[in-house]
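Here's a solo chain for you in structure tokens, the form predicted on its own.
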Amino acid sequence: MKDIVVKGLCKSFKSRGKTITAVDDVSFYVTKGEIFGFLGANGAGKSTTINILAGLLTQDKGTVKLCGKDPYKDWEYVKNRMNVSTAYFPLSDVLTVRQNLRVYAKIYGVKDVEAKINQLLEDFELTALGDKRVNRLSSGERTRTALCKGFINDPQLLLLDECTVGLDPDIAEKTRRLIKEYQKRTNCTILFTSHYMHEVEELCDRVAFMEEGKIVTIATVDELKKRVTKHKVELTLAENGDDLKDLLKEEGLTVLAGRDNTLIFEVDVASDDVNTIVQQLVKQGLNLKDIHIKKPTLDDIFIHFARRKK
């Protein structure tokens, strides 16, 4: 079963007499129980797509199905099975944390409201702030309140947009753990966006990259990493590294940075054998103290897509 099916989605806006295409013929699907990463640089079209899925915008063209239904024809059905959480969600400033959550619990028809709210406040370490007005919360506390709102109705489909912005590292780690535990327990389908690539790498089954309103690729994280053939190697000598720099250049390798006795250079996994390179350096009489090989990360993939047309 597919909880999100998007086909041929298009959305344009008028700005200063010009038409700007924010979403251009976007198609993708997310299967039941999948955590699907939705990535791209600022202005790529992610937020517009998510706002269409959340019912905040209407597309110009294309179709959307959520939880197997057309959300425009069966909004009540879809609404009760999905939720949205974003760090930028406009909570009511004049209400307390608890009062905000009561409002959304009422909208979603939640039973045992107080018990549910108490559990969420405990999960996201907000119990002591439950009766505090939202306008007196820090940005991280607002983010956690928005996360409570996202889980208030035990959604079958959850849209998480930059949901850990402003969180302390320990709270962000706990939030990721809660997301994984909830997904595993309920088989919830999650559309996840973040600029923190380690979060995407940790959580997501597949990842889509958007660029200039289009999806340019969809793949698993491991599949994406294989597309970057350059690995970085950091070598440290027991003595001055000037001779090492000269030798690396003779080998045709690109030196990226150097400090004291350490040099960082790139190798192509398809053509360069790191072991052979190191053996050549040892034969030249260089005393190697340390070596570290850095394989591609999702950050490298993100930069690859973000910069390839610049």
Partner chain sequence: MKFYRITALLLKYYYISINRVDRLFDILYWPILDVLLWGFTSAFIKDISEVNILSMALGGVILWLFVWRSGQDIAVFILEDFWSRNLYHLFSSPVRLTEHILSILIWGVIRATVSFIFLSLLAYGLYAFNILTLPILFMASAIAILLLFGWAMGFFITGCIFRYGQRIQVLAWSVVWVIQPFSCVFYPLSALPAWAQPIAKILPTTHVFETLRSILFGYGEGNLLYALVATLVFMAVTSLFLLQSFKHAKRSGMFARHD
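Residue numbers count along the first chain shown, from 1. Computed from a predicted model, the values in this text were never measured in an experiment.
Although it is not shown, the form predicted in complex with the partner chain is what the next lines describe.
Across the proposed site, 253, 274 and 305 without exception lack any heavy atom within 4.5 Å of the partner chain in the model of the complex. Note that among 206-214, 191-199, 108-116, 173-181, the stretch whose heavy atoms approach the partner chain to within 4.5 Å in the model of the complex is 108-116.
Interface membership of residue 225, defined by any non-hydrogen atom within 4.5 Å of the partner chain in the model of the complex, is ruled out. At a distance threshold of 4.5 angstroms between non-hydrogen atoms, residue 267 is out of contact with the partner chain in the model of the complex. Using a 4.5 angstroms limit between non-hydrogen atoms, residue 261 is distant from the partner chain in the model of the complex. Mapping the unseen interface onto this chain, residue 84 counts among the residues with a heavy atom inside 4.5 Å of the partner chain in the model of the complex. Shown without its partner, this chain lists 281, 54, 41, 64 as candidates; in the model of the complex, only 54 has a non-hydrogen atom within 4.5 angstroms of the partner chain.
Heavy atoms closer than or equal to 4.5 Å to the partner chain in the model of the complex belong, across 65-87, to the residues 75, 76, 79, 80, 84, 86, ordered by sequence position.
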